[in-house]
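Take a look at this single chain in structure tokens; it is the form predicted on its own.
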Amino acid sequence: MEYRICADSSADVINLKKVPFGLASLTIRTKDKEFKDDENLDVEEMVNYLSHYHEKSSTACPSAHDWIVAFGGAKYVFAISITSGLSGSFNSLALAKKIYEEENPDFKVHIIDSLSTGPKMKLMINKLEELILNNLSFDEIINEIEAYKNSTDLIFMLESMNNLANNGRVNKLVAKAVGLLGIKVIGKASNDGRLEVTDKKRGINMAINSIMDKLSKLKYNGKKILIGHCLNFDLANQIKNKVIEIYKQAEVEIYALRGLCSFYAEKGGLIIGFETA
């Protein structure tokens, strides 16, 4: 097959069944440890380690070389990165495209800044696989996937903001208050691909109600929805049941977040990607 789909590891995808897939791994770093977000990562071990870690932590994006390796010599490549608002992965991808096409004049790479992460990227990858298997041309797939990107969205719920504080993305006092007071932080991906907090609720029921309200306001109407969880299947399942109760024909899938998304979601957190009207 001349086609290949690639993504960095924030997409929570390791491989695909029917279309060749290339993974460009991000890395989570602390003072003493480094976790490469690939198929060998023990996510639970990483999450438990980070939950007791209070010094500076960071993430490292794939290099242009890492992306080129992920392209795998394919003639036609579709590559998706985590939002450029949180990582330099898209910039590395753009450089990789330039080098790859200059070295292979007959090859084409279409790159996509997801302006998101995790389950929204996973939805886009699944759509790309479907489009390729339907034998569309390269340009037709570009048109379809860009339109699809604009008909998907993402929300999140956090029970902890420890890593975000250690990463310098939120105030440490705010993060400490969230942990001590049992506050659930609910938010969405903003239009420029950043994490936008929209609500703070105390208690699971209020948090679930807030999530359902966000889904409605963001024009979810019962299509595909992916609920990624960080060691919190029970809450993910509660939300799944609530979605099916309101949207009878909804296609709901629960899955465990991998390394990079677990770093941001933290233990107990959820990231939800969905198709909109």
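Numbering starts at 1 and runs along the sequence shown. Please read all numbers here as calculations on a predicted model, not as lab measurements.
Another form exists, predicted in complex with ligand X90; not displayed. Remarks below refer to it.
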*Of the listed stretches (104 to 112, 121 to 129, 69 to 77, 148 to 156), which one has a non-hydrogen atom within 4.5 Å of ligand X90 in the model of the complex?*
148 to 156
_When ligand X90 is placed as it is in the model of the complex, are Asn48, Leu50 and Asn162 each within 4.5 Å of it, taking any non-hydrogen atom of the residue?_
no
*Taking heavy atoms only, is Leu136 within 4.5 angstroms of ligand X90 in the model of the complex?*
no
*Examine Ile183 and determine whether its closest non-hydrogen atom to ligand X90 in the model of the complex is within 4.5 angstroms.*
no
*Is Leu260 close to ligand X90 in the model of the complex, meaning a heavy atom pair under 4.5 Å apart or at it?*
yes
*So in the model of the complex, does Leu86 come within 4.5 Å of ligand X90, heavy atom to heavy atom?*
yes
*Of these, Ile227, Cys230, Leu26, Val243, which has a heavy atom no more than 4.5 Å from ligand X90 in the model of the complex?*
Leu26
*Stretch 30 to 67: residues contacting ligand X90 in the model of the complex, 4.5 Å heavy atom cut-off*: Thr59, Ala60, Cys61
